[in-house]
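Single chain ahead, by itself, as structure tokens, in the form predicted on its own.
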């Protein structure tokens, strides 16, 4: 039987990863109790669990909030993510199946449609589909597991550069170039393109984070 706190954790994770909850947003126990129709006990259990995994933090007189990482923490995370994402592209170019190619193309098309509509939430979801399709295409379950873990830390921050005018279109073009390199079996080029794509996102974040301090 699924516990109420587990359901709450999954819902809050979804809201963080989709950008509905942003770094610095506060979580009031009373509000969550009303929203989810549960007592404060599972809410407190969920908050403790999410504090332990680094998605939330607690501050005196402010309670729980979506954790704001430092610029150094973000840079370190994006460096690791860039290397792992690049590796996934390199492996995908060697291991690519027809079904994997279709999944990557489907994620890319979702990105194109969302970028054209300037729909940031839709683009955020499409972005995850695109990257996840590449992860799966790598054929390396250990790598996929590591990417899932690191994405749980950075996904909320990946949304922030999308607010910059023209970034959705630029991100889509980068995705298109990455996918073409994978399809052309040019693993090293795909690796480098993905690393640059990830670090470009990371390089924009310190200035954006100043608004959250």
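Numbering follows the first chain given and starts at 1. This one's a predicted model, so the numbers in the text were calculated from it and none came from an experiment. Basically, rigid core = biggest C-alpha set you can superpose within 1.5 Å across the two forms.
There is another form of this protein, the form predicted in complex with another copy of the chain, and it is not shown here; the text below is about that form.
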property: Selected contact from 80, 106, 120, 96, since only one has a non-hydrogen atom within 4.5 angstroms of another copy of the chain in the predicted bound form; result: 80
property: Heavy atom within 4.5 Å of another copy of the chain in the predicted bound form - the one residue of 52, 184, 28, 169 that qualifies; result: 52
property: Contact label in the predicted bound form: residue 72 to another copy of the chain, heavy atom within 4.5 Å; result: yes
property: Interface membership of residue 146, another copy of the chain in the predicted bound form, 4.5 Å heavy atom rule; result: yes
property: Residue contact check: residue 84 to another copy of the chain in the predicted bound form, 4.5 Å heavy atom; result: yes
property: Distance check, residue 37 to another copy of the chain in the predicted bound form, heavy atom within 4.5 Å; result: no
property: Sequence-ordered residues of 116 to 151 touching another copy of the chain in the predicted bound form, heavy atom within 4.5 Å; result: 139, 140, 141, 142, 143, 146, 150
property: Residue 39 C-alpha relocation of at least 2 Å between this form and the one not shown, rigid core basis; result: yes
property: Flag for residue 55, CA shift 2 Å or larger between this form and the one not shown after aligning core; result: yes
property: Residue 147 C-alpha shift between this form and the one not shown of 2 Å or more, rigid core reference; result: no
property: Direction of C-alpha distance change in the predicted bound form, residue 144 to residue 49 (at least 3 Å); result: closer
property: Shift in CA distance, residue 53 and residue 138, in the predicted bound form relative to the form shown here, given it is 3 Å or more; result: closer
